[in-house]
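We give structure tokens for two forms of one protein chain below, kept apart as structure 1 and structure 2.
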Structure 1
């Protein structure tokens, strides 16, 4: 008599296993696509009916999934989208790819994971494998998902069903490292869980890296992103220290980066944006606080990074002051608002804090960003100006916050009376230039 594991593994190998992906965002839609391309029948469950409608029109809203690829998979019947969780009744393999933001209090917001898990719990059956991909604190899979998936089903994990964690490593827009070729860490609640989940993902991904437990996989992701957050915090503090010392932090970082081993280049900036790096490490520090431990590196780096917008505004104030101009009443143009170059994502972007602080101090603030036509935040709302060069000419000070590659920096340098360059976007043209202030 074949065991549940043997039956499920055979379905995975012969592609008869039915796959359900919960959440069709920047992680879920590429994952659904790649499993469908591997020959599985995949159903994506997306609560946002607008996204489901777009997919049903055979269009992609995720830059990493070309519309023609998606259309072919839909036409072949390999991939479809729905808002209806009841398709889980026929699932053999489920991947949960939902957001894990922070609450206003700074605590983890697991609400999306809880909704997905509660829905899945209604349809649990022997011979199903479940993988959580959403970044979260160590223990979530075992402490939150496992009880919910077994409380009514009486199924035994590692025997009747299989549960694992596998951190997403999607960097939207990146073409060198994709969902297919980025190594994928997978850790199960039991060894059999790791084995089944790894076999599933090996059918579609180039490299799967099994680890000993779900907690190891959860923690590996947090190490990856905490590493970035802390190193960015380090160079941001280096920028502040170099300023006090009258040194050029950009020259110093470039010099350090010539070291061919034992060093990795990070650059200072106006703060830390995006929905990964500023958020994920705080899941870890929150968990450790509950264990009466203070993750000092994370707290310190977060303090430095979140202090950068205010530091940038002080540089603007000082630069205008040099011209006997108060910030209050001055026209300030923020160039670039997205959280990093060449993306249309403004989540957690430092530009939001910088604009808010400038407005609080009485500046007349405009912004330009070709990817962000409008910003509504806190108690203010702005539309991007249309002509960045003309707006730079008529401003009292320009602040380069996001160094999109599309900009004519030479034109901005020629027209702007004063520039605070937080990204070294002007390069050598901004070095030792009397009208340019750099971090």
Structure 2
């Protein structure tokens, strides 16, 4: 008689394995699409009924998933969406792709993982592989998921079912590195878990990188983003130091980047944004505090990076003072609201803090972003102005927060009376220009 592992592996190889993706956001929907394109039948479970309805209309709300691709997969019957967790009863392979934000206290919020795992636990059965993709601290898969999935089922991991962690590596808006060709790290609770999970992902992804354990895979993800967070913190502090010294940080970074070895270029900005870098390293810092260890590099970089929006506002205030204008009552236009160029993703964007701080100080704030038509945050709500050039002309100060490539920066420069450029979007045109203040 074949074992559960052998039966499941055969289903994976012949594409008869039924796949369920829990969470259809920036990670889950692209992953569901990739598996469906590889020939699997995929069901996405999404608690937000609005998203499910959009998918049923054969439309995509994720920039990295073209609507025509999604429509073809739905029409072929390879992909569908539902709010009903009971489809897990027939699943052979499950990927958990739910958010893992931070609470306001800075502690990890695992509530989405816990809800998804509790729902999955109701339908656990022999011959199923489960992969957690949501970024979290080392030990989550073994210490939280494993007990919940075995509490009532009495299934043995590595024999009856298979559990692994594989960190998502989504960078929204990229066309060179996608879900398909970005190498995928996978670590299982047991060697058999790693083997089964790796086999599953190998059917749809170009490169799979097995590691020795789920904890190794969890830590690898945190190392990736901690590396970026700390280096961004370094260049942000370098920008502040150069400002004090009267030096051009952008010129200095470009000069340093000419070294062909031993240096990697990072650039300063108004603060961290997105679903990973501002959050993931703090999961590691939190975990280590429980072990009586202080992650000093992480804490220091976080302090610097989270202070950048206030630093930007102080630059705006100083720039207006130079023109004998108070910030209170001044008309300020924020150009770009998304957390990075050319995407419609506003998660953790520094623009939110910058707009909020400017409003607190009495400024009349508007914003423009071709990808973000409306922002609702905390106790305020704004709609993007329709004409960025005209709005720049009538503003007292323009703050470039996100350097979308679609912008006519020369036009903004010509019309705006004063510009604070946090991204060096104006390039050489902004250097030594008396109405431009650069970070």
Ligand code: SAJ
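Heads up, when I say rigid core I mean the largest set of C-alphas that superpose within 1.5 Å between the two forms. Positions refer to the first chain, counted from 1. Worth saying up front: this structure is predicted, and the values here are computed from it rather than measured.
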**Report entry** Number assigned to the form predicted together with the named molecule in this pair
**Finding:** 1
Query - Rotational displacement of the smaller rigid part between the two structures, which moves against the larger, in degrees - result: 6
Requested in this report: Align on the rigid core first, then pass along the CA displacement of residue 336 between the two structures in angstrom.
Outcome: 2.5
